[in-house]
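Below, in structure tokens: the form predicted alone, a single chain.
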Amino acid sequence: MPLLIDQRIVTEDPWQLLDQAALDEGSPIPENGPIAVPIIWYRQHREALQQRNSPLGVIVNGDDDLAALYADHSQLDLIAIEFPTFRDGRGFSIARQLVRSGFNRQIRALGHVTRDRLALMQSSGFNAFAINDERFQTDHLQAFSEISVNYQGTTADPRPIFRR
């Protein structure tokens, strides 16, 4: 799965994204190295996870209760937001709210990440994109520069075009 971070292809991803089902079945949590866990697991094991001496992240989607996420985001190094389908745009709002609340670390898009949505995702606050192998092409990097003007405000410049 190719990963783009800050508009560059990253070959080695140090993060281990742990699956809820595997955690529920008793899979051990790695003692070292950056991990990201589902937000439900994070809420249940928050204190133990925060005692690890490695970077910590959470995985969220639009169905999750995000109150704990907004309250604790200063403790996190990565927030991965899932896009389960093309039609589900709640991840855009989550990313934008995270940036507005001061989160300035990695916001990663997971799931249905397509070339035509990369620029919009970036303007919403995402800075990392995990793209499925079958969808990825090297010209994905051009998607970030194809739209030079945004009518609405972005996370980089929140002013709408009529206020600039």
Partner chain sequence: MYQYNQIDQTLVDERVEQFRDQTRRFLKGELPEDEFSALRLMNGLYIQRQAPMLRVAVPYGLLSSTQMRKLAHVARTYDRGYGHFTTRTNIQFNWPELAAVPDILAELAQVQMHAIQTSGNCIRNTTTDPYAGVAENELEDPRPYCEIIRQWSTLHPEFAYLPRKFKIAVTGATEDRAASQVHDIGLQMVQNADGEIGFEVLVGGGLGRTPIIGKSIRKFLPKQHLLSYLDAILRVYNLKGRRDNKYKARIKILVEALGPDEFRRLVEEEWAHIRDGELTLTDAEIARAKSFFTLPDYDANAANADAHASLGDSLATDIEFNAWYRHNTLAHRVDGYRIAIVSLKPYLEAPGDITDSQMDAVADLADRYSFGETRATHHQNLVLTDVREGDLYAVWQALAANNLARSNIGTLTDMIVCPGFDFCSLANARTLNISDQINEHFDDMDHLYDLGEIRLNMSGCINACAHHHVADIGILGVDKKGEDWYQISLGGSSKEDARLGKILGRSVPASDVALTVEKILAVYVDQRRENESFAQVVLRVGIKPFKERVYATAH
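Computed from a predicted model, the values in this text were never measured in an experiment. Positions refer to the first chain, counted from 1.
What comes next is about the form predicted together with the partner chain, which is not displayed.
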query = Even though the partner chain is not shown here, does it sit in the predicted complex so that N32, Q44 and Q51 each have a heavy atom within 4.5 Å?
reply = no
remark   = For the partner chain in the predicted complex, the stretch among 52-60, 36-44, 102-110, 135-143 with residues bearing a heavy atom within 4.5 Å is 135-143
ask   = How about R163: is it within 4.5 Å of the partner chain in the predicted complex, going by heavy atoms?
value = yes
inquiry  = Residue-level contact is defined here as any heavy atom of the residue lying within 4.5 Å of the partner chain in the predicted complex; does S93 satisfy this criterion?
reply    = yes
ask   = Using 4.5 Å between non-hydrogen atoms, is T11 touching the partner chain in the predicted complex?
value = no
query = So, in the predicted complex, is N127 in contact with the partner chain at a 4.5 angstroms heavy atom limit?
reply = no
request  = Scan 115-133 and note down the residues that get a heavy atom within 4.5 Å of the partner chain in the predicted complex; none is a fine answer too.
outcome  = R115, D116, R117, L120, S123, S124
